[in-house]
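As structure tokens, one chain now follows by itself in the form predicted on its own.
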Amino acid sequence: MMFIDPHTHMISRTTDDYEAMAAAGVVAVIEPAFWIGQPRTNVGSYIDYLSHIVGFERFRAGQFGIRHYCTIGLNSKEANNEALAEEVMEILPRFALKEGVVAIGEIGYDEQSDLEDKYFRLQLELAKELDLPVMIHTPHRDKKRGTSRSMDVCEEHGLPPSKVVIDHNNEETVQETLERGFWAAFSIYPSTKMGNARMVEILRQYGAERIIVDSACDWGISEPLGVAKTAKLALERGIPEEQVRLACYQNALDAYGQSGQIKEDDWLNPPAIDQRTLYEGNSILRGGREPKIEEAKIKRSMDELIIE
């Protein structure tokens, strides 16, 4: 089974993580723009960060056979720095139009302040202008109110729910998210947001229509195999394979595929891995390590069922 992890902060992860994800069946990842664990001090650091996730990180993932996409946005925490936020808003459009950008995100609320609301709304208008899907970060505190409010604002700005992914759902928010027609994403996080046993019970109760599983792995304690492990657990606990495939692969492709920037052929017919390749003079290799060099890639297809 192939997996898409549609919320990963791979800039924070190691090459071992890429290797493990590829071995577990992850064929594509989506890296949302987010904060870096401490406040940025100027727009220049934002420009460098966005340049990295549309550039080098895309290259780095490809060196391990994983296709990399990203979303572009001003995160809710830094929306509270108005001077910085104004400058970031000016540069977002030029990054949002880059190859491999599949949505505006992750945007939304953290403390649900007035400034967060202001820049959330401005970025929803940007998504409409560029005809891109939106990835919504829902707050960890006062989540139910923040999730409802996020959907209210999307509707107020005329965004169709079919183009909006509401992320970091839990048992408290999932029913409303689905009833209002939005995509409901869940971040599988050890000990905190959502464990995968709870996720399996949600799949059992609600089915997999418009449900998306992601890892949201970042620089904190998190699990880059969250999608693959959840799929395995779900199958072991009797969730039908087609339901697992929807939640761990197809729904993410359908939601973010509306951007026109992510398609199945990207990984069914990928370029061969050649770790001798350089990105602006840089390699992923260190010391005298032997590069991995594939022969011309054999096209993969779900119709080829015999594995030899």
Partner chain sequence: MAEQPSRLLRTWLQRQLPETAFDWLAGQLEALQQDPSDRKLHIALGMIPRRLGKDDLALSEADLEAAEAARPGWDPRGWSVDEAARILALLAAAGANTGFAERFTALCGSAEVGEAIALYRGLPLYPDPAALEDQAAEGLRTNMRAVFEAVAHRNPFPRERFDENRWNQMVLKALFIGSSLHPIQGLDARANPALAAILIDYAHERWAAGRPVSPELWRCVGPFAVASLLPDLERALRGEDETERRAAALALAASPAAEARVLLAGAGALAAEIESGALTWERLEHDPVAQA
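Remember, predicted model here, so these are calculated numbers, not experimental data. Residue numbers count along the first chain shown, from 1.
One more form of this protein should be noted, the form predicted in complex with its partner chain, which is absent from this view; the next part is about it.
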- prompt: So, in the model of the complex, is residue 172 in contact with its partner chain at a 4.5 angstroms heavy atom limit?
  reply: no
field: Touches its partner chain in the model of the complex: residue 261 (any heavy atom, 4.5 Å)
entry: yes
field: is_contact(residue 250, its partner chain) in the model of the complex, heavy atom dist at most 4.5 Å
entry: no
- prompt: So, in the model of the complex, is residue 41 in contact with its partner chain at a 4.5 angstroms heavy atom limit?
  reply: no
- request: Have a look at 209, 129, 156, 179 for me and say which one sits with a heavy atom within 4.5 Å of its partner chain in the model of the complex.
  value: 129
message: The chain here is shown without its partner chain. Which stretch in 92 to 100, 185 to 193, 106 to 114, 156 to 164 comes within 4.5 angstroms of it in the model of the complex, by heavy atom distance?
response: 92 to 100
- prompt: Counting only heavy atoms, which residues in 236 to 252 are within 4.5 Å of its partner chain in the model of the complex?
  reply: none
query: How does the CA gap of residue 230 and residue 273 change in the model of the complex versus this form, closer or farther, if it moves 3 angstroms or more?
result: farther
query: Relative to what is shown, are the Cα atoms of residue 273 and residue 25 closer or farther apart in the model of the complex, where the gap shifts by 3 Å or more?
result: farther
